[in-house]
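Below sits a lone chain in C-alpha cells, taken as the form predicted alone.
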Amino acid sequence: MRFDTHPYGVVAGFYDELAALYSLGRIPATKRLQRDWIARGDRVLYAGVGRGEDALEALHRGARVTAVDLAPRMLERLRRRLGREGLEATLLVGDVARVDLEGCFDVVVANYFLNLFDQAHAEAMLARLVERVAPGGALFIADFAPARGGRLGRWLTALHYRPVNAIAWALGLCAWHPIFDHRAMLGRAGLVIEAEVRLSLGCGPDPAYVSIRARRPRQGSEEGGGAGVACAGASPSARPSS
C-alpha cells in the first residue's frame, strides 16, 4: 500500500481518539445525535467522512451510504470496519465537490468538515453540498458552536477553540478562522433549520459543540430556498420531520 501523504492520512490512526479526548466526548456525541434523524432506505452522502463512525451508525439504521474523503488511509480504516461488520457502502477518494456522484441524496452530512476552510471557501463548499440535497431532503452539520455567554462566553470559547485551530492550521489540517455562524450560513444557502442540539463542555453555557438538521425546501414551497436543483434521480423519503 502506498504511503498516504495527505495530512489527514498521517493522523488517521489516532485522530478520532484525540478529538474525543479534547472535546470531552462531545465531538462523537454530536455525530451520534444524528442517527435518529436518519430513516431506513435514506440515501446519505458523507462529506469528509474520515474513519466514518457516523456513517456506520447510518448503515446500522438501514441507510444507503456514500462516503467521500481526500485521505485514502481514512477510507481504508472505514473499509476494514465495514468488512468486519458485514456492511456495504460506496467509498470514494477525492474532493466531494468534484467526485462523480449519481443523483440527489435524501441526506448530506458535513460533520466537522466546513471548518477545514476559511469563510469564503466554506460558504462555497456549503453551496456545492446543498446542490446534492434533493428538494425536501436534509443537510446535517456537527461542529464547534459559536459562543452564547456574552463576553465571558466568547473568551472561554476562544480559549478552548483557538489552540486546537492553531495546531491544526500549522499541520495543514484546516484554515485559520473563527467559529462559523452555521445558522446564518445555512440560511444564506436557502435551508430551513429544523433541529439544533448544543452540547456544552459543562463549564457554563460555553464552550460547546452543536449538531444541526436543516431542510432544503421543495420547489415552490412557501419557505423559499436559494439553490437550484443540480442533481437528478433519487428523491427524498416521504416521512414527517421529527
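For clarity, every value in this text was computed on a predicted model and none was experimentally measured. From 1 onward, residues are counted along the sequence shown.
Separately, the form predicted together with a small molecule exists; it is not shown, and the next lines address it.
(message) Does any part of Tyr161 reach within 4.5 Å of the small molecule in the predicted complex? Heavy atoms only, please.
(response) No, no contact at 4.5 Å.
(request) Examine Leu87 and determine whether its closest non-hydrogen atom to the small molecule in the predicted complex is within 4.5 angstroms. (result) No, no contact at 4.5 Å.
(message) Please tell me whether any heavy atom belonging to Arg213 falls inside 4.5 Å of a heavy atom of the small molecule, as the geometry stands in the predicted complex.
(response) No.
(message) Quick check on Asp95: any heavy atom within 4.5 Å of the small molecule in the predicted complex?
(response) Judged by the heavy-atom cut-off of 4.5 Å, Asp95 is in contact with the small molecule in the predicted complex.
(message) Among the candidate stretches 78-86, 104-112, 132-140, 150-158, which one is within 4.5 Å of the small molecule in the predicted complex when only heavy atoms are counted?
(response) Answer to the contact question: 104-112.
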